[in-house]
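Quick heads-up: it's one chain on its own, the form predicted alone, in structure tokens.
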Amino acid sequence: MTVLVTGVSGQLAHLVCEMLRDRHELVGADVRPLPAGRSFPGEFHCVRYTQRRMAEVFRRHRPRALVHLGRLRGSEVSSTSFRFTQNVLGTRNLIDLCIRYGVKRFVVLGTFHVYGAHQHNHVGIREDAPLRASLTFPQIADAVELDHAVTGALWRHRELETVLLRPCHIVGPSLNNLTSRLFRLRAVPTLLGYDPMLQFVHERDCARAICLALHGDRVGVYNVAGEGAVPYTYAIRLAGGRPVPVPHFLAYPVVGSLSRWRLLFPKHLMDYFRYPTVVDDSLFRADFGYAPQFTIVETLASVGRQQVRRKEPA
């Protein structure tokens, strides 16, 4: 089966392709070029998802499945307009091309950030919870709109088997996302008086969840998480760092200044380390037989300053 994978310049997509290369013929696409020294196990196209060249990729390869891992994040692209165009309009164009060229299965990696971080969040947010992130954080409105575009296709185009995954914090030794970079610091800032419960999923567990969604026969929206939830300060210690409490009135201006230089995560994400946003992934476990193979200790130790050496799961 020919599988088109977007976002293949990212490390998570690289892990997914390594898991799929022996079973499928892979075609890669990304708005960014491949990193220096990395090869792709198939034909790679550097193309924007809104361009007409994207239709040529579909016409030429006739993929039976599309794994859309190409959502651009604020920490990667500074232009809000470009990010919105590729994330929202680009995803809608990919959906139209899937319908036009008879793609059978469509797997999309979203984010749990769409639920929003609020002090009244209950523990165990299910997939039918309202998406309140854009009400408080307009900076991630593109993530919410992408989510709406995919869920709209899920109900409007029943012939396209659509699966939308909303994973929690994805971390790992090879990822360079903002959460992994945060937990590699020797001193990790925390908000004085706040210690919310957080969830993490290992990069290889998340890659395996994507593969399970591709090969399964269920459709819908699914949360994805790792093993349990831990307090923020405890997670920092598991990663080998030291929590540094910062008063609230200092934290936001300092983080705002550092985020402009991309030295820390964007200021609008601070509330996700202030209020709990704990999701319930029991539906994905039941429908796809998913179970994380890395414990929370192994997951955080792998990304931080302490490395746990273990045999890779099959």
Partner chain sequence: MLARLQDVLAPPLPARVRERLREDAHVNSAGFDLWGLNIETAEQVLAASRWLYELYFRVEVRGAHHVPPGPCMLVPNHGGQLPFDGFLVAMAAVLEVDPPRVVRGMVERWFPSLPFISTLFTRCGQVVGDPHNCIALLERGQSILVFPEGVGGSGKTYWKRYTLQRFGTGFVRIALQTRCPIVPVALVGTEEIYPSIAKLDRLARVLGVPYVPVTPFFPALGLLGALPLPVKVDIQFGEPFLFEGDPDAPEGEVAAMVDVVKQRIQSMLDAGIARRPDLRWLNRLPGGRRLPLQLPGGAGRGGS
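Residue numbers count along the first chain shown, from 1. Computed from a predicted model, the values in this text were never measured in an experiment.
Not pictured, yet referred to below: the form predicted in complex with the partner chain.
Only one listed stretch (93-101, 106-114, 196-204, 212-220) carries heavy atoms within 4.5 Å of the partner chain in the model of the complex, and that stretch is 196-204.
Residue contact with the partner chain in the model of the complex: E227 places a heavy atom within 4.5 Å of it. Contact annotation for S81: none of its heavy atoms lies within 4.5 Å of the partner chain in the model of the complex. Of the heavy atoms in L89, none are within 4.5 Å of the partner chain in the model of the complex. Interface residue remark: Q293 is not counted as part of the site for the partner chain in the model of the complex, having no heavy atom within 4.5 Å. The contact residue chosen from L185, L192, L131, A141 relative to the partner chain in the model of the complex is L192, the criterion being a non-hydrogen atom within 4.5 angstroms. Residue-level contacts in the model of the complex: of V57, L26, V278, A65, one residue has a heavy atom within 4.5 Å of the partner chain, and it is V278. Taken together, Q119, P231 and Y234 are fully in contact with the partner chain in the model of the complex: each brings a heavy atom within 4.5 Å.
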